[in-house]
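To begin, one chain is listed below as C-alpha cells, in the form predicted on its own.
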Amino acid sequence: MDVLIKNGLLVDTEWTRHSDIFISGSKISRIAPSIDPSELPASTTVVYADGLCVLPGIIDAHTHYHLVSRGTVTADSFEEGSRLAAYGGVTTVVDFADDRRPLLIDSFHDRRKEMAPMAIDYALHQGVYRYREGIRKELESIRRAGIGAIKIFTTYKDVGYLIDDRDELKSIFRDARDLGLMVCVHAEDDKIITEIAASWKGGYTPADHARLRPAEAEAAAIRYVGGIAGELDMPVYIVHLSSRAGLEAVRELRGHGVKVIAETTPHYLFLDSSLLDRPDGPLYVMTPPLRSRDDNKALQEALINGEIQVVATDHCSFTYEQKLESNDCRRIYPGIPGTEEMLPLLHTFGISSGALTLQQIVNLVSTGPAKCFGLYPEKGSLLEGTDADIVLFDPAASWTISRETTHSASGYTAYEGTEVTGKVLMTYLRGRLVMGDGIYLGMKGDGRFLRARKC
C-alpha cells in the first residue's frame, strides 16, 4: 500500500519541519516540503495531517505482556497488549524472556513462540538469573539469535533471581561487554530489603510496601552494579529509576566516569505513595514502590535536564479484581498497566512545565530506546528508507484518561480521571494502518521479532 501524508509537522530528534511523507510498501520512500499526489501511483491513499504532528512510532522499552507470575497470568495477552499499544502510538515493545530453561537460547525460543500473536513489532531482553559454567557460550548464542540486552536482578534471592556472588556477576558483565550486550538492572539491594523484613514490627498494608523496600535499597544497588561497570569500562542500564536517592547514585557514578543509562516510568514521575493509603491502594502496588512527591519532582527535573535517557512503562497489568484480592502487600499482584497512557502523560507534562518539547519527548520514548537497544534507524526515526512506523498525533486534543477511554484488559488505569492534552489519532506499523480514528485494525501475528544490532 502507498500512503501520502500531507501537511503535517514532522517531529523527530533531528529536526522539526512541515513536510509531506510518502510511504511505499513498508518503508518511508520520500520526505519533501511538498509532494504532488499526481506524481504518485493512482492507488496512493492521501491523508491530510493539517494541524497534526507526525512522529516516529513510539517504543515501549519495558513491558511484561502475558507474564506468568504467582500462579496466574497478567491481564494483557500479546494480542491485547498489541491493541492497547496501537491506541497509544506504540509500534514496538521490548519484552522479556525469563531464565527458566537449562540453556538461555531455549528460554529465548520459548518466549518468541509465545509472542507469535503480536500485531506490533517486538524485541526481547534475556533474563540471566544464575551463573553457570559455559555462560559465555550461552550469551554468544542469544546474541547471534538477535538479543541485544540481558537483564539481571539485585534482589529476589528468595525466588532465584539474584546472582549474589560479585565475581560471578562481574564475569557476566565482562562477557556481555565483549559480546556487545547491554546489561539492564533491576536495582534494589537484597541485603537491605532482607534485613528490614527480618526486623519489621509493622504491618503489611500497601503503604508498608514502600517502607519495606526503601529508596536507599535502590541507591545502594545502583552504586554496586555501577561500580562493576566502571571497573570494566562499560555502560549499565538502570530500569525503572524510582527515587531521588537512586538518581543521586546515578549522578555520583557519572561523576566518576561511569556510563549509566537511566530509564524511568510515568508512574514514578507522576504518581506518589499517598495513593497506597487509599481504600483501593492495592491497585498502585508495584516494585519498586511508589515514592514521595519529592521523588516525583526530582525525577521530573532530571527528565527536563537530560539526565534520564529513556521513559518506558514496565507495563504489568493484573485485573482490577486480582489487584484487590488482598490488602497484604506480600500477596498483592505487583504492577500496573501503562503503555497506552505514556505519550499523552508526557506531552501534558511538557506543556504544563514549559520545559520539555515534543522533540525531547520523541527522543525519550522512540529514538533514545531505539539507539540503546540496537533498533535504530529502522525504528525511532523518520528517515527515508526506514520502516514506516508513523504516528499522527493531535497536540491540541484534550481528553480524560479513564477505564472507558483506555483499552487494557485489566479493566482499570492508574491515571483514572487525569486530564491530558494530546491524543494519538492514527498509528502506522510498517506502512499499514493499525489504529485509526479510534478503530483498531491490527492483525494477529503481523508483528515481527526485531534482531538487535550492537547497542
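Position 1 is the first residue in the sequence shown; the rest follow in order. Everything numeric here is computed off the predicted structure, so don't read it as measured data.
We do not show the form predicted together with N-(aminocarbonyl)-beta-alanine, though everything after this point is about it.
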* **Residue stretch of 170-178, 152-160, 139-147, 299-307 approaching N-(aminocarbonyl)-beta-alanine in the predicted bound form, non-hydrogen atom distance within 4.5 Å** => 152-160
* Asked: So which of Thr287, Thr72, Ser274, Thr357 reaches within 4.5 angstroms of N-(aminocarbonyl)-beta-alanine in the predicted bound form, heavy atom to heavy atom?
  -> Thr287
* To do: Work out which of Arg83, His240, Lys371, Arg244 lies within 4.5 Å of N-(aminocarbonyl)-beta-alanine in the predicted bound form, going by heavy atoms.
  => His240
* Asked: Are any of the heavy atoms in His64 no more than 4.5 Å from a heavy atom of N-(aminocarbonyl)-beta-alanine in the predicted bound form?
  -> yes
* Is there a non-hydrogen atom of His186 within 4.5 angstroms of a non-hydrogen atom of N-(aminocarbonyl)-beta-alanine in the predicted bound form? -> yes
* Partner contact for Gly335 in the predicted bound form: N-(aminocarbonyl)-beta-alanine, 4.5 angstroms, heavy atom -> yes
* Asked: Heavy atoms within 4.5 Å of N-(aminocarbonyl)-beta-alanine in the predicted bound form: does Asp314 have any?
  -> yes
